[in-house]
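First, one chain by itself: the form predicted alone, in structure tokens.
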């Protein structure tokens, strides 16, 4: 069983890495979105590997089903031109800065974990779905609703930007 878990971890890691590389390096926004969705599917697989099927289902439902579709509609509504301001190839130093910005948090967190290990609990606290739902709709109701308002404002902003472009 442990070998299967290691194989699944490797597969999910490859899915996440390939999706993220596609999302970052693609010149097409739609292909970049496909890379993002691939990455999110890999993260859902990691949740399954951690024996949290509810979180995996929420990952699929919220991030892939709602947020990605919202981003897709925003991309389609904006109709970005291929030869726009950011259509050209970035200079090499931009890639170096991006790689450094990616590696710095990983190196810092890795150093912290290696030098100051944190005591872990052998058995994680089990939270039932009912308790999680009560928490989301109880004490975390306001942040939960604010997220939906932010998504709606982002979509309305994309539509407004599109209308302004068409008016010119």
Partner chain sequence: MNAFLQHLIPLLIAAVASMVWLGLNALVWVYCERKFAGHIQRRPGPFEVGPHGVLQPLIDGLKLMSKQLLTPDNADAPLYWLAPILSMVPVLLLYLPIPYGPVLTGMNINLGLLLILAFSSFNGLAVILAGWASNNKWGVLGAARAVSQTVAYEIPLLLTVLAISFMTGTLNLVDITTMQGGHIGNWFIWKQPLAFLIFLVAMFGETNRAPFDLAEAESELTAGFHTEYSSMGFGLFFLAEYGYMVVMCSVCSVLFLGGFNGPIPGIEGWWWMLLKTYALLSFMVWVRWTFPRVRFDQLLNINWKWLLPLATFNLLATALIIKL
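So that the term is clear: the rigid core is the largest set of C-alpha atoms that superpose within 1.5 Å between two forms. Just so it is clear, the structure is predicted and the values come from calculations on it, not from any experiment. Positions refer to the first chain, counted from 1.
Below: the form predicted in complex with the partner chain, not depicted.
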Handout entry: the partner chain in the predicted complex - contacting residues of 62-77, heavy atom within 4.5 Å
Key = 64, 65, 68, 69, 72, 73, 76
Handout entry: Core-aligned C-alpha movement of residue 53 between the shown form and the other one, 2 Å or more
Key = no
Handout entry: Core-aligned C-alpha movement of residue 34 between the shown form and the other one, 2 Å or more
Key = no
Problem - Core fit, then residue 100 C-alpha moves 2 Å or more between the shown form and the other one - result: no
